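Just one chain follows, in the form predicted on its own, and it is written as structure tokens.
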């Protein structure tokens, strides 16, 4: 199967020059003179590098031979992270360099989506939100009650994020993983 430029959307996985890419940004441009074109930013699924590419209107690209499987994170051994398919119990390993900053949000038994390219595990996608406990946080400064004051907190998954001043150690938080880790809310622990 192939895609035309009119099929482009964010998150679409295409094959370009023999490598798989994900479209992270696209813009259709119709200049006053000349033919229309689509400007894109593509992220390599294999290396994580981002390139910019312009396609003429109506140009076609191939579909990437990728498949996503729901898996569960088991453990990390050095720079190797092990995931298991919960239906077949097959295990795959991914190198830390492929996971990048997402590795700091991995906790045992966390359900993730592992991306396979031509049958080989190449990347992992975290859930949009995770629930994790605060293991350490800076103490609140007395009298500092103004709106929007943030402090650092360490989470049980190993990540460090900014949280509102009223968050204390031991609390369960909802964290957004899509933007590198931002506080969403406290969860009721009662």
Partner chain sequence: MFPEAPIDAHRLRQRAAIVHAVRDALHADGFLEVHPPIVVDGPALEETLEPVRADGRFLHTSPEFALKRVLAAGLPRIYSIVPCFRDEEHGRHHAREFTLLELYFSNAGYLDLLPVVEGLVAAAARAVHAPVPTFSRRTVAELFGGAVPEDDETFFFRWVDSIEPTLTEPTFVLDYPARHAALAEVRGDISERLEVYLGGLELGNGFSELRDPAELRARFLRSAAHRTALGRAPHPVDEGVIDASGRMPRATGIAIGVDRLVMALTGETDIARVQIPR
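Residue numbers count along the first chain shown, from 1. These figures come from a predicted structure and were not determined experimentally.
Heads up, the form predicted together with its partner chain isn't pictured, but that's what we're talking about next.
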| property | result |
| --- | --- |
| is_contact(residue 25, its partner chain) in the predicted complex, heavy atom dist at most 4.5 Å | yes |
| Contact test in the predicted complex: residue 31 vs its partner chain, heavy atoms, 4.5 Å | yes |
| Partner proximity in the predicted complex: residue 41 to its partner chain, non-hydrogen atom cutoff 4.5 Å | no |
| 4.5 Å heavy atom contact, residue 54 and its partner chain in the predicted complex | yes |
| In the predicted complex, segment of 154-162, 126-134, 41-49, 54-62 with a heavy atom within 4.5 Å of its partner chain | 54-62 |
